[in-house]
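Have a look below at one chain only, the form predicted on its own, in structure tokens format.
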Amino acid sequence: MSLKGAFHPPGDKSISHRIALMALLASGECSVTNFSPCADVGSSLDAVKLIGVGARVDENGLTVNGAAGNISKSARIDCGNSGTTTRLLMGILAGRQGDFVLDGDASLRKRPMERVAIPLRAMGAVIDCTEGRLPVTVSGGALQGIEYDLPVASAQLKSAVLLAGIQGAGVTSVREPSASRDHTERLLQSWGARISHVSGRLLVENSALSLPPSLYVPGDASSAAFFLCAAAIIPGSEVTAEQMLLNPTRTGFLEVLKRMGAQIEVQLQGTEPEPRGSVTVRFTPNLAACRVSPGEIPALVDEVPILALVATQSRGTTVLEGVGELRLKESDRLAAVASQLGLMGARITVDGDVLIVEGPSTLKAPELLQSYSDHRIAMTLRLAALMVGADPVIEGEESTAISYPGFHDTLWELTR
């Protein structure tokens, strides 16, 4: 069964998170269209409504009223399954007077939070982690800018420091080892923050933020990637994602597909608040394996599972280097990809922080697969099953709602 047709990906998850969370520090009212409906963003929206932001969702989208820093002095906040909610809130709340407890579900409680706490403590916040994880208590207050070199390229860590920095005295300077997604910087600049790039460092100073009257959220590139990547390897497929985010820090998967030889067409459809356009991918026989360097991973980190599936159908050995961060997601994604695609007949090995895929492989689906309640793994396995004409039970498949509530609806539309 092939994938054919056009679809509109849901609003970008990363941008939607930031609009909601950064409204805690901004003044004004904003009408947001195509705001993400996913469960993770819902955690951010619930959190900010709890502590001071006015927000309502109706048939026209989201209307948000900024709190301009006038928030509750204490709260216990349920971050659900969302690492972005947790880590960006740590940075925001570090600069607010009060005591806040951040917690989440069993999966989120396994994810590391200490590396976010370290620079925030250096700025003057009091942050207590539970053995480096949730629950986290943030006692915020007056902050002082710091010079900080990120140990890894992490948009969440970078954002936490920047959002603390715009509340602190002096200059906060951040350097990352390689470029990660830059939605926080873009929004800060467009909302009036004092932010600049100097000699490879990001500099921010104490700033007042103002919401724009309206915002359109481009389609989520990571959600679209699953259907676009699958189209490249399923015979007879041709899929177009409309109004998809084209920010280069998020489209690394397209560059990898191009290196493999996939047929791709991109047309720009808009530039505000970030570039967006239509992306068409057609089935391409005889894709070639490639090597993906560590510096490329931040721009495609969420797409590694579906790229691994593409690699199973490509000639040669595909090597993805520097993917150790995937062990710290909702599941150990390296182990999950290797084990579950391995059950289907893929030849995948993990060597330290390197994922190695030998192709092409003839796949078949067993009756039962395990997603480990990880949305990226669940979507990958469902599309792998489609490719081989099977319909296995995928345990934890409902987790697709974490990032793409309409995943199965889109799948039905593209296969009917």
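Everything quoted here is computed from the prediction, not taken from an experiment. Each residue number is its position in the shown sequence, starting from 1.
Only in words, not in the display: the form predicted in complex with shikimate-3-phosphate (S3P), which the text now covers.
Asker: With the partner left out of view, is residue 340 within 4.5 angstroms of shikimate-3-phosphate (S3P) in the model of the complex by any non-hydrogen atom?
Answerer: Outside the cut-off, so no.
Asker: Wondering, does residue 71 line up within 4.5 Å of shikimate-3-phosphate (S3P) in the model of the complex on heavy atoms?
Answerer: No, residue 71 is distant from the partner.
Asker: Classify residue 154 as contacting or not contacting shikimate-3-phosphate (S3P) in the model of the complex by the rule of any non-hydrogen atom within 4.5 angstroms, answering yes or no.
Answerer: Yes - in the model of the complex, heavy atoms of residue 154 and shikimate-3-phosphate (S3P) come within 4.5 Å of each other.
Asker: With the partner left out of view, is residue 400 within 4.5 angstroms of shikimate-3-phosphate (S3P) in the model of the complex by any non-hydrogen atom?
Answerer: So residue 400 does not count as contacting shikimate-3-phosphate (S3P).
Asker: Between 247, 240, 84, 81, only one gets a heavy atom within 4.5 angstroms of shikimate-3-phosphate (S3P) in the model of the complex; which residue is that?
Answerer: The option sitting close enough to the partner is 84.
Asker: Would you say all of 13, 301 and 329 touch shikimate-3-phosphate (S3P) in the model of the complex, counting a heavy atom within 4.5 Å as a touch?
Answerer: All three within 4.5 Å in the model of the complex.
Asker: Name the stretch, out of 155-163, 200-208, 286-294, 141-149, where some heavy atom lies within 4.5 Å of shikimate-3-phosphate (S3P) in the model of the complex.
Answerer: Of the options given, it is 155-163.
Asker: Let me know which residues along 24-56 have a heavy atom within 4.5 Å of shikimate-3-phosphate (S3P) in the model of the complex, or say none if there are none.
Answerer: Residues within 4.5 Å: none in this stretch.
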